[in-house]
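Okay, so here's just one chain, in structure tokens, the form predicted on its own.
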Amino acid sequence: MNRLGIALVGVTLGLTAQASAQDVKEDFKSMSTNQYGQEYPMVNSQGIVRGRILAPGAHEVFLQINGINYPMTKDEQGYWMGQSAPLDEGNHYYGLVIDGANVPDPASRFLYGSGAECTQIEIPAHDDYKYALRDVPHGQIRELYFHSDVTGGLRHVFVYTPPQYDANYTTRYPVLYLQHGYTENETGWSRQGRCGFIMDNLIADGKSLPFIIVMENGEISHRADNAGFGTLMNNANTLFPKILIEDVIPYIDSHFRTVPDAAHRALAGLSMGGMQTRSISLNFPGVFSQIGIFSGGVISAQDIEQHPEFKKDNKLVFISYGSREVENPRGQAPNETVSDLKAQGLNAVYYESPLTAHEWQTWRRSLYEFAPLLFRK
């Protein structure tokens, strides 16, 4: 299951059957992700989404969420309305299918995800305090461009600085390099992932040390280049490590008040970014001392045997998945792999997000659990 594929993949995160009318609670409210002043889409206490679109000339319209098409019906004014099955808590990509054409919903705010500009919905979560906008001191997410010697072109990077970064110009900070997944980009962690709010809340609650977060584009080839999956993944696995180590880290260390050593440098990522984290940390020892792999494989006991310097240099291995991802694991279950790492003497931690799959809610929770473990003596 991977909703970050080339197209929106049809996975069911809630009930597969559309809820019958008599079962639906009529306590719908406008969604937090709506454009200003838009009433629809709406969500009720069951996690059912109800959408509406004015398309009087259309012949067939569907509400599409996570690749599942829910039929909509037209009224006399030309408004189409339909609703989903109950959905899991958290962020979901969605849109409309109008006479066979997939289009974003103009009533919702746009972002980049699943390889295109798209719209999202946000199902209220019982633990949204972790990533909600709260009245606490806030850091900044800075958007920067810089030259890459490796590619000869410009790189685009987002950098989170903690709330007190500009208050004291003598304080230096550790750095977490945080990577997105396949068909996402460097905007994902700050928008869908809400990493800034997560860190602001953790710091305000005294649960995490303040540190800088750097978010780069790990795909290298963009979709406008007409690059296929093989080219994208090859560049992500071979070219990106050079860009990260030879371009990004030196740029960040020279332009921000970092502590420029491995002990104060961590690497983490989701899905493809987790795979990159695994590969880079094993093959480039002495650069990072703490890693997090979110839904992107594991560090195995065999990896440790083949890369003895990793065990010597690494201070934390954090591995996480959504519970729906590991219901039928291929090979050894990830929690068992983490137990093997502990038996070898590594500081290994496993986290499993309850009732979520390969999705942003899993990764938001993973970052919330991972961040407090970083840069502790």
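Don't overthink the numbering: it's just position in the shown sequence, from 1. In this text, all values refer to a predicted model and were calculated from it rather than measured experimentally.
Only in words, not in the display: the form predicted in complex with another copy of the chain, which the text now covers.
Undergrad: Consider K312 of the chain shown here, and say whether it contacts another copy of the chain in the predicted bound form, taking contact as heavy atoms within 4.5 Å.
TA: No, no contact at 4.5 Å.
Undergrad: Determine whether any heavy atom of H138 comes within 4.5 Å of a heavy atom of another copy of the chain in the predicted bound form, and answer yes or no.
TA: The answer is yes: H138 has a heavy atom within 4.5 Å of another copy of the chain.
Undergrad: Would you classify D127 as touching another copy of the chain in the predicted bound form, given a 4.5 Å non-hydrogen atom cut-off?
TA: So D127 does not count as contacting another copy of the chain.
Undergrad: Against another copy of the chain in the predicted bound form, would N102 count as a contact residue? Criterion: heavy atoms within 4.5 Å.
TA: Although another copy of the chain is absent here, N102 would touch it in the predicted bound form, with heavy atoms inside 4.5 Å.
Undergrad: Report the stretch among 301 to 309, 146 to 154, 268 to 276, 83 to 91 that approaches another copy of the chain in the predicted bound form to within 4.5 Å, counting heavy atoms only.
TA: That would be stretch 146 to 154.
Undergrad: Name the residue from M42, A348, I68, A55 that puts a heavy atom within 4.5 Å of another copy of the chain in the predicted bound form.
TA: Comparing distances to another copy of the chain in the predicted bound form, the residue within 4.5 Å is A55.
Undergrad: Quick one: of V287, L202, I98, L282, which gets a non-hydrogen atom within 4.5 angstroms of another copy of the chain in the predicted bound form?
TA: Contact with another copy of the chain in the predicted bound form is made by I98 alone.
Undergrad: Quick check: do F240, V248 and H264 each get a heavy atom within 4.5 Å of another copy of the chain in the predicted bound form?
TA: Result no, not one residue of the spot touches another copy of the chain.
Undergrad: Heavy atoms within 4.5 Å of another copy of the chain in the predicted bound form is the criterion; list the residues of 286 to 319 that meet it.
TA: Read in sequence order, no residue approaches another copy of the chain (within 4.5 Å, in the predicted bound form).
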